[in-house]
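What follows is a single chain, given as structure tokens, in the form predicted on its own.
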């Protein structure tokens, strides 16, 4: 019930008249009437300002979602006017969920996205530009590569969170059993070591020397791109595909050599972005000796291998014949705000993000976002988080990744990037399963890429 100012005055005069009766009971009654009225007016006023509800969409696993939920609860305790809901979907459904729900009543206010998707989400007006104060903070406190990945046409569209890159992971116990002293540094050494590490029984591979992923676009393309970069090549140059270069020809050819030598078994490489499936299981079980994989899967490795995780070592990507050094592919993620959200929701979302990514939300100079990323073995991108977690990032597994950051090459963020990745995945998998040879796969991948990027740029 809402009371007008006139009602307040009238009740006050009534209470004053009662007060004049000068009896103890009258005084008490007057006080109760006035207090009850004021309380009713206060509750009514609060009802005019309902709680702002925002939602956060992610693909993180349950244990990480729990950490994010705990951070949201801590924020809500100090910001009682904001309610935060956490939603999680599998990685394969993340982009489609964001797109399909973007303008609906159930649309997520916040979403953690792969930077490759950003140009198209900006073009389609699904995400909104960061307020200038937030953009200034991001430019100041994040690395240049992280800022670049969150930027389209000079405008920043979200808070960078994680950086991932690729390295060679290998099983030291299997290497020792095969009499191999250390990891391969060149492609020739990689092929030779993979042959020595491969075991067969009855024509079937029981231990593969080198594991290749299939059934997951980024998992297929990023290792290939890391080998290409370490051979002096690139997927895209000046916005145009460069899969027809000499470096690319050599990279496709090297993949073909691994396949022909039967040191990699596609039946052991099925994977997805959430569980990594048989690909992970075979490495954990000691049935895969070497892989090229990103740092984020450390938590899954630790959980699966237990004490045997100590057998896992990390090394730079082996260098190809035309390469000048090891250059892993890196990629990043960021948290964005839905452009279709109400102004009140957008304001609350940016405020929560500002807090979540700041040192005030965590402990010992770290942010809450940095804490949940490092818990998964992911490298945080805020410079203060890197400093706060310096000891953790110096672990035997992660140190090999951190040491390669400066030489890493970012995965190209261009319009049509996801479709380009999907098309290249198709041809690399066709090679794995004997459906295409390297020359055919390379030529068709270049034609597909030229068409996809050309159409997207129009």
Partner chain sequence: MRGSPRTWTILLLSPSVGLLAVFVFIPMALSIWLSFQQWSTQTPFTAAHWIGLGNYSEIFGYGPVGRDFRQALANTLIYSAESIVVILPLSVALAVLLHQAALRKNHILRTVLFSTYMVPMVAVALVWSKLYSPAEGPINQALGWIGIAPLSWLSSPDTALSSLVMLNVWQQTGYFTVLAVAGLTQIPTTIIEAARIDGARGLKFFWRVTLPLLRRTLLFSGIIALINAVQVFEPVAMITQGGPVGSTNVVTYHIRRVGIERSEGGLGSAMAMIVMLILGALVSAIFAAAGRRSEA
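Please read all numbers here as calculations on a predicted model, not as lab measurements. Residue numbers count along the first chain shown, from 1.
Keep in mind that the form predicted together with its partner chain is not shown, yet the notes after this line are about it.
Participant: Choose from 316-324, 346-354, 282-290, 224-232 the stretch whose residues reach within 4.5 Å of its partner chain in the predicted complex, heavy atoms counted.
Facilitator: Stretch with heavy atoms near the partner: 282-290.
Participant: Does the trio 95, 271 and 422 actually contact its partner chain in the predicted complex, every residue with a heavy atom within 4.5 Å?
Facilitator: The answer is yes; 95, 271 and 422 each reach its partner chain.
Participant: Are any of the heavy atoms in residue 99 no more than 4.5 Å from a heavy atom of its partner chain in the predicted complex?
Facilitator: Because a heavy atom of residue 99 falls inside 4.5 Å of its partner chain in the predicted complex, the answer is yes.
Participant: Taking 4.5 angstroms as the cut-off for heavy atoms, does residue 126 touch its partner chain in the predicted complex?
Facilitator: Judged by the heavy-atom cut-off of 4.5 Å, residue 126 is in contact with its partner chain in the predicted complex.
Participant: Find out whether any non-hydrogen atom of residue 204 is located within 4.5 angstroms of its partner chain in the predicted complex, and reply yes or no.
Facilitator: Yes, contact at 4.5 Å.
Participant: Are any of the heavy atoms in residue 267 no more than 4.5 Å from a heavy atom of its partner chain in the predicted complex?
Facilitator: Yes, residue 267 is a contact residue.
Participant: Would you kindly say which of 215, 311, 256, 198 lies with a heavy atom within 4.5 Å of its partner chain in the predicted complex?
Facilitator: It is 215.
Participant: Using a 4.5 Å cut-off on heavy atoms, which residues of 417-441 contact its partner chain in the predicted complex?
Facilitator: Residues within 4.5 Å: 419, 422, 426, 427, 429, 430, 433, 435.
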